[in-house]
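Presented below, as C-alpha cells, is a lone chain in the form predicted on its own.
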C-alpha cells in the first residue's frame, strides 16, 4: 500500500509539532523516520495510524492507495502498530497476546477458533517463538517480547506496519540482532513499513528510504546512500555521524576555492569533514590546503582507531583510521602531523554551496 501525506500539520497546545508535511511512502518499502527527539517523527507516525488527528486544513489529506483516510478510525485503516515498550498484556501468555487482535474483532469478521490457532502458530514460527507459546511476557527476554509484539501486530493482516522506536529499550547486541532480523522479515513479507528511530546507524543499516525530520519539518528524503553521501544541508550531515566543522572563506572568483580562515578573519561558510575523510601526512605536503595538528589521544574502538588531535588554535579534530593504516604510520601522542581532506562539504547559512 502506498501512503501519501499532503499539507499535514499538527499542533499541541500552541506548539507546532508538524508543519505542512508533504511526503510519500512507497508501496512495499521500509522507510525510517529519523531525527532528534521532538522533531515530529512519532507524531507523523501516529497520524498515519489514526491515533492523532491533523489540524483542520481543506488541503490536508492522508491517502492510502489514493483514498483519503483522514476521517477514518484506527480500526478501519488496516494498520499494525509496534510500540517501543512492547505493550503486551502481562496476564496473557504469548499465544493469547498474539491472538488478541483477532479475538476482539466483531463477530461477523472474527476468525474461527481453528483459524486463530493456525494464524497464531504461523506467526510464532515466523518470529521463531513457537516453542514459547505458553510463556508469560515476564518469562521472556526483551528481544523475545518485541518479537511477540511484532507477531501480534501482524496477526490482523495489516496492510501497513508502523514501528515506534521498536528497539529503543533493548541493549546494543540485541538491537543489532533484531534490526537485521526485521530487515530479513521485511524482505520476505514486503509490507509497507514505517519505523521511527533516532539512531542513525539503525536507519542507515535497514531502511530502503530515510525521511530526516527536524523541528516539525522534513529536511531530506532519500536512500541511505543518498542522505549520507549527499546531505542536503548542514543539519543532515551533522546528524548522520560524526563531523569536524571548520570556518572557511570561499573565493567565488576562483572556482569555489576554499581556505580555512585565519584567526580574526570573518568566515562565509562552514566546511565539514568526516573523521574517516582525513589523510594524515608525517611531513608538510607541498601543495593544497592542510591543517597542522598535534595528536592528543589515541583510542581503539572496534574496527577503527579514533585519534583526537588539536590544531594550532587548539581546536579539537577527530580522525578515524583503520588498524592497518595506524600500524603502518606508527603514530604516537604528542606527535605533530599534517591533515588533508579526501572529501569535504561546504555549507553557507546551513545550505550546501555549489562547487
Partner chain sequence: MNAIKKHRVLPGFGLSLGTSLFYLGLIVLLPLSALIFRSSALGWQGLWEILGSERVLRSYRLTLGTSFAAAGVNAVFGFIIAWFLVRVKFPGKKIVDSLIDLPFALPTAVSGIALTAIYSRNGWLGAPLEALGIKVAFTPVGITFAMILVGLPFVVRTVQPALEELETELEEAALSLGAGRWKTFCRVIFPMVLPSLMTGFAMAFARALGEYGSVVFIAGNMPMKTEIASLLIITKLEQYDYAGATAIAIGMLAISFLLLLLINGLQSWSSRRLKGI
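Positions refer to the first chain, counted from 1. Bear in mind the structure is a predicted one, so any value in this text is a computation, not a measurement.
Keep in mind that the form predicted in complex with its partner chain is not shown, yet the notes after this line are about it.
- Query: Tell me which of 64 to 72, 23 to 31, 298 to 306, 326 to 334 has residues with heavy atoms within 4.5 angstroms of its partner chain in the model of the complex?
  - Reply: Going by heavy atoms within 4.5 Å, the stretch is 64 to 72.
- Item | Contact test in the model of the complex: residue 316 vs its partner chain, heavy atoms, 4.5 Å | Because no heavy atom of residue 316 falls inside 4.5 Å of its partner chain in the model of the complex, the answer is no.
- Query: Taking heavy atoms only, is residue 294 within 4.5 angstroms of its partner chain in the model of the complex?
  - Reply: Result no; residue 294 lies far from its partner chain in the model of the complex.
- Query: Can you check whether residue 54 is within 4.5 Å of its partner chain in the model of the complex, heavy atom basis?
  - Reply: Residue 54 belongs to the contact set for its partner chain.
- Query: Should residue 50 be classed as touching its partner chain in the model of the complex when contacts are defined as heavy atoms within 4.5 Å?
  - Reply: Yes, residue 50 sits close enough to its partner chain in the model of the complex that at least one of its heavy atoms falls within 4.5 Å.
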